[in-house]
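Have a look below at one chain only, the form predicted alone, in structure tokens format.
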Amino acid sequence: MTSSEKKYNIIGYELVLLIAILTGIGLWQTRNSTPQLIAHERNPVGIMGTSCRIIAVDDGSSRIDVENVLIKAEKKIRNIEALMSVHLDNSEVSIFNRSESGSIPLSLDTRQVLFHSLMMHRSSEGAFDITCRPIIELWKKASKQGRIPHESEIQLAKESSNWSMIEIINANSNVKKLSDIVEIDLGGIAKGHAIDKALNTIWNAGLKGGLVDVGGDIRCWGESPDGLWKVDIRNPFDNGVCAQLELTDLAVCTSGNYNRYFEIDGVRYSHIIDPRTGMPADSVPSVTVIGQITAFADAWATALSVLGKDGLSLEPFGNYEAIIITGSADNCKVYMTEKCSDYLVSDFPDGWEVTIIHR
């Protein structure tokens, strides 16, 4: 081999080596690129009458159309709203409420939420009750008239709708109305169910993480580029934040009387009704529930707004954690289950009395 041929062979070898190195670097950079948050947001009344924020974590290691995944996740939420909103005349829930007694055809999603609502009704000893819609409507009407409902009106509303008027065996069975006048409102659980569906869409797409936030109820999975997901707990007595959680693979749902309420003669009454008494549940300004399934965390947040700290001792609540804020800005008391300390990354404001509930 001539010296000239050797020279060209060496150059060729170096060129191949250089291409291989550059290709390797490109692959390494693709596989190890900095994860990015890709957000998909709607305006404050965009979905289910509230704000919606859907986030995916993309590290660039795949060819997933992330924006399309987020659009599909949003559609999941809108589909649940279309099925279960009492504010939509053509929703399955509205049709159910207008229907005469008999077997009512419902989608699997609606049947699942109805059955889970029955389970929650039993687990919460009646504090969570989707059949108390007539009581809620009574308070809405009375508040517009500037009066408190009369005791006889409350009693009549309680008698007009309850679980004894609905037959459901399991999530796969048909649902029967045993009375023409029974009505339901899935507002305390449907949002959580929709969040679960949306997050599962992101997870099934193969992304590295994600978060779905509808009106402050959240479920997260994986990690953000900064690590675990951070979730603020709003101070129910002002517009600030009273604590912050850091977690992943969990749902966080909050219920309180600071955003929605009835106002009569200048007095605010909670929009959350104690179905057992027919009166507003005003003793608990804020409840935050942490757990695996958003639908149940959503429902427990409502139930504990009625039950207060006594609900923390209920056996079915054992798989969930909670932070309950009671009192007032000048005399605030916090009751929280022991494991919540693992998630808290900030202290409550000075002067707030914190009690750990051991179970």
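Residues carry their position along the shown sequence, with the first being 1. Because the structure is a prediction, the values reported are computed rather than measured.
The same protein also has a form predicted together with a small molecule, omitted here; what follows describes it.
Contact with the small molecule, judged by heavy atoms within 4.5 Å in the model of the complex, is confined among 231-239, 143-151, 198-206, 121-129 to 121-129. Using a 4.5 Å cutoff between non-hydrogen atoms, R111 does not count as a contact of the small molecule in the model of the complex. The closest heavy atom approach of V306 to the small molecule in the model of the complex falls within 4.5 Å. Among residues of the shown chain, E183 is not one whose heavy atoms approach the small molecule to within 4.5 Å in the model of the complex. When contacts are judged by a 4.5 Å heavy atom cut-off, T288 does not count as touching the small molecule in the model of the complex. When contacts are defined as a non-hydrogen atom within 4.5 Å, none of M48, C52 and G216 contacts the small molecule in the model of the complex. Out of the listed residues L211, A157, I272, L83, I272 is the one that sits within 4.5 Å of the small molecule in the model of the complex by at least one heavy atom.
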